[in-house]
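Next comes just one chain, in structure tokens: the form predicted on its own.
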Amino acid sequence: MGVNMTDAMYVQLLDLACGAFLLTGVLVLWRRELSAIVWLFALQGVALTALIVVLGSWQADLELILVGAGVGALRAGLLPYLMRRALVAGGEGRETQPLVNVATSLVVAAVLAMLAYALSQPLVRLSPTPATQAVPVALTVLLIGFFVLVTRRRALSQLVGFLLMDNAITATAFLTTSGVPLVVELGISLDLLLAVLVLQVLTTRMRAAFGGTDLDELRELHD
């Protein structure tokens, strides 16, 4: 237990971090500007960092706090920076018409939240702590990330969907255990960094060769 954090303060800060984590995921469904989507991903990285730091402070675990700071540097700093560079290189400003419109996407998000709540109840009942009670939030973001991945057409939007899923998996790991081992977190982070770097190169070449990064249009050209 943290020395300077009361039970009430811990729950309030954890709820605030989880609320921001969920809100940024839902807002990705609402916005179609690619730059705004990247900013929302960066803000979710801040929320994830806050969540880990709150858990580390409550447990008085300096290593966990340092891991949280490292996660923040990557997911709220470096990855969004590289995605913004890929966005500029690709010359794309907005998501083309998604497979599901905004209003329907928000309704789907509400359904996914109820599904996540139902699926996570056995785990919550197994260990009803404030941290495990926040697991439905992480699972909701996981499902939203998958929904973004399969309904958006721009390569960058689909990458953000994948990264939302990764953020949710990371959050779940920290909420249900003392966190993933540092070496595992570094390995995953390096994989994500490589994925973004590859995307930047591919976006530039796709833009030069085909004039855009709409994957459906590229499939039509292929056909």
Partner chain sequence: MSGVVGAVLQVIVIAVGSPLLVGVMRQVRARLEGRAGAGIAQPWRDLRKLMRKEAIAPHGTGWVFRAAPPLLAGTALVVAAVVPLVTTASPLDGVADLFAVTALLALGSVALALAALDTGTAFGGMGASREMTVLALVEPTILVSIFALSIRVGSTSLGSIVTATVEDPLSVISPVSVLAAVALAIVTIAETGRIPVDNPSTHLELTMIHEAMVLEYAGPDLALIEWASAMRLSVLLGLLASLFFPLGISGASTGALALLVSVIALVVKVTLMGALLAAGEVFMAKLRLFRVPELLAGSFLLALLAVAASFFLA
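Numbering follows the first chain given and starts at 1. Small disclaimer: the values here were computed from a predicted structure and weren't measured.
Beyond the structure shown, there is the form predicted in complex with the partner chain, which is absent from this document and is the topic of what follows.
Participant: At 4.5 angstroms, heavy atoms only, are 102, 106 and 136 all close to the partner chain in the model of the complex?
Facilitator: All of them do, each having a heavy atom within 4.5 Å of the partner.
Participant: Counting any heavy atom within 4.5 Å as contact, can you tell me which stretch out of 53-61, 66-74, 27-35, 40-48 lines the partner chain in the model of the complex?
Facilitator: Heavy-atom contact with the partner occurs in 27-35.
Participant: Is residue 113 close enough to the partner chain in the model of the complex to count, meaning some heavy atom within 4.5 Å?
Facilitator: Output for residue 113 is yes: heavy atoms within 4.5 Å of the partner chain.
Participant: Could you confirm whether residue 81 comes within 4.5 Å of the partner chain in the model of the complex, counting heavy atoms only?
Facilitator: Residue 81: no, not in contact with the partner chain in the model of the complex.
Participant: Residue 85 near the partner chain in the model of the complex, any heavy atom under 4.5 Å?
Facilitator: So residue 85 does not count as contacting the partner chain.
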